[in-house]
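Just the one chain here, the form predicted alone, laid out as structure tokens.
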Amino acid sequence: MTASALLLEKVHATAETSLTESGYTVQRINKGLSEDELIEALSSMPEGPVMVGIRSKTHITRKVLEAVPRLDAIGCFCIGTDQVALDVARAGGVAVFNAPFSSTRSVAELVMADIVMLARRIFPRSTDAHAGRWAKSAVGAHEVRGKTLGIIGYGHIGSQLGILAEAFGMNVQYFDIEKKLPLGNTNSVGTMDELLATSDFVSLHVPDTELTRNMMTAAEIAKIKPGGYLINLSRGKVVDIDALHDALKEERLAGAAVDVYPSEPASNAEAFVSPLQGLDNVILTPHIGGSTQEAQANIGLEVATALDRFRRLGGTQGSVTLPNLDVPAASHAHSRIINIHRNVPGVLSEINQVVADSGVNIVGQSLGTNDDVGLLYIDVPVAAADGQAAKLRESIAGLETSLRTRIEAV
């Protein structure tokens, strides 16, 4: 049965185009939805499996997942997946995809722009010029060449930022809890304290986890090199905003650039309030790190492609909830049975026995597991519309361990 897709929050048109061309029925609602609104919207979608595409405002909660059991795939058209109840999705066999790479360059470029504008005090000088004041002066303005950039979190964005910063002549160092291979002339430091004390600019690039929330409190901010700058384009709950405000007011830090906040407006129509407002040495941007036309177009295509691959072939490469299987197209089969099950001993042998009892031959098979769930695909030389194939799917779906089972023509 053909699936339909609901796209929210002005997901880029490349997603709709890609899914429509692949044969899906697509509906759009260009805003974020509350729990109840989302449940109603999903429930009104055409009969059959349904996918949903969101950005950062819409939350897929336990209530949503339990109310709409036919929702079997979620596309987060952004880097993070904080807005999805991942444990619930995983336990229910729901595939969740995101776009961890497509906005990397956009975020890294904005960080470099922030660094240069902070070092040259561009914003207060621009404000003066707009107000008719001619404040030409070199006081407080510096080149970034020769300065040290400390990157906390050396992933895709952090490493890309390091390359750009080196091109500006900066010295680059990083701290990451995982062992990472440095690019260019970037150096790894042993502790975050060492990085804070020796960096002129500190840029945060970490996910939202229990380990990173409030990672930068008053104690950590106090360890930043006097006269240094703090930049946060990662997650809003990583930095204690009040502590950052105090450090800036007391001029222990020379400036900051912030793009994400502990609490953000639900829409452009809602007022934005922050303790950092009114400080002329702070650059405030409205969570636009990845908001470029290039990044959004790439994200739309990347996530839509992942959703389509999952629906057609059962491929889960890049899923954050299911075992990652980059399954090939079937060459000697007419259909593929895709089974998501609880990861307990004996499942594979039980399913293979069901197939053997049906008299259907297996021409291809692959299994992937994680701690909670397993993903199995079985290629068979029987048409998906054939009654024998449908009966086999029903038998496998009826097993106590099965979470979701479907059959697709290949």
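We number the residues from 1 along the sequence you see. Keep in mind it's a predicted model, so treat the numbers as computed, not measured.
Just so it is clear, the following notes concern the form predicted in complex with a small molecule, a form of the same protein that is not shown.
Stretch in contact in the model of the complex with the small molecule, which is absent here, among 243 to 251, 129 to 137, 68 to 76, 282 to 290 (heavy atoms within 4.5 Å): Of the options, only 282 to 290 has residues within 4.5 Å of the partner.
Listed residue (211, 271, 167, 181) with a non-hydrogen atom within 4.5 angstroms of the small molecule in the model of the complex: Partner contact (heavy atom, 4.5 Å) among the options: 211.
The small molecule: the contacting residue among 340, 257, 95, 157 in the model of the complex [heavy atom, 4.5 Å]: None of the other options qualify; the answer is 157.
Check all three, 101, 107 and 175, heavy atom within 4.5 Å of the small molecule in the model of the complex: Yes, because 101, 107 and 175 each have a heavy atom that approaches the small molecule to within 4.5 Å in the model of the complex.
Contact label in the model of the complex: residue 153 to the small molecule, heavy atom within 4.5 Å: Close contact exists here: in the model of the complex, residue 153 approaches the small molecule to within 4.5 Å, heavy atoms only.
Residue 234: touches the small molecule in the model of the complex, heavy atom cutoff 4.5 angstroms: Heavy-atom contact with the small molecule at 4.5 Å: present for residue 234.
The small molecule contact at residue 215 in the model of the complex, heavy atom, 4.5 Å: Contact with the small molecule, yes.
The small molecule contact in the model of the complex: residue 205, any heavy atom under 4.5 Å: So residue 205 counts as contacting the small molecule.
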